[in-house]
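Presented as structure tokens, the chain that follows is alone, the form predicted alone.
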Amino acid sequence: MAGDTLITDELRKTIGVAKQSTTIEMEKGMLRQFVDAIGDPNPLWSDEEHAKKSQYGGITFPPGILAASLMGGSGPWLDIPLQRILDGGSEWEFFEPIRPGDVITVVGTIGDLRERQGSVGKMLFIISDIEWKNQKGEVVATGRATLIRY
């Protein structure tokens, strides 16, 4: 730690640099497991005939699948001496449906770092900007997520 702050010069250099990249193959088995896990009976996720008549023209993944792609905390590139993680909220914007067979690439960038004193000690707020693209290079969604490390 530099002085009395959690945000070191090295950590500050991570702001704005795309670091996390993950590719996910969106297959039907994953769709069934996710829908079963969240208990969502929406026929857009499972009924091909119903989904064909929708504005999407076929089965799609529920948007919440994108939140699952973020599991894994703040990324292995951040060397932070804090062990606990708390979800500080997120904002999403969706552009294209995700379909079985799509290959989604997720890229995360540290957008900002903030430090606050809490009742349990110092807390580091990590604000990440995330972009999801399909195999065609189309942006399917963007998001901004806040993780609190303490």
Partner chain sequence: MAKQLYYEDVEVGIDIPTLVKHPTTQQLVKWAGASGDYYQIHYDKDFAIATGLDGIIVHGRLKIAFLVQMLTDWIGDEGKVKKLACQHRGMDLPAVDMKCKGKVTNKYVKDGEHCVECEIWTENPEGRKTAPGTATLVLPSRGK
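Residue numbers count along the first chain shown, from 1. Treat the numbers as computed from the prediction; the structure is a model and nothing was measured.
The discussion below concerns the form predicted in complex with its partner chain, not included here.
Q: Taking 4.5 Å between heavy atoms as the contact cutoff, choose which of Lys122, His50, Arg114, Lys28 touches its partner chain in the predicted bound form.
A: Of Lys122, His50, Arg114, Lys28, the residue with a heavy atom within 4.5 Å of its partner chain in the predicted bound form is His50.
Q: Spell out, yes or no, whether the shortest heavy atom distance between Thr105 and its partner chain in the predicted bound form is within 4.5 Å.
A: Answer no; every heavy atom of Thr105 is more than 4.5 Å from its partner chain in the predicted bound form.
Q: Please check if Gly58 has a heavy atom lying within 4.5 Å of any heavy atom of its partner chain in the predicted bound form.
A: Heavy-atom contact with its partner chain at 4.5 Å: absent for Gly58.
Q: Given that the partner is absent here, does Ser46 sit within 4.5 Å of its partner chain in the predicted bound form, heavy atoms only?
A: Flag for Ser46 set to no.
Q: In the predicted bound form, is there a heavy atom of its partner chain that lies within 4.5 Å of any heavy atom of Leu6, even though the partner is absent here?
A: No, no contact at 4.5 Å.
Q: Using a 4.5 Å cut-off on any heavy atom, which residues of 41-70 would contact its partner chain in the predicted bound form?
A: Result: Pro41, Asn42, Pro43, Leu44, Trp45, His50, Lys53, Ser54, Gln55, Tyr56, Pro63, Gly64, Leu66, Ala67, Ala68, Ser69, Leu70.
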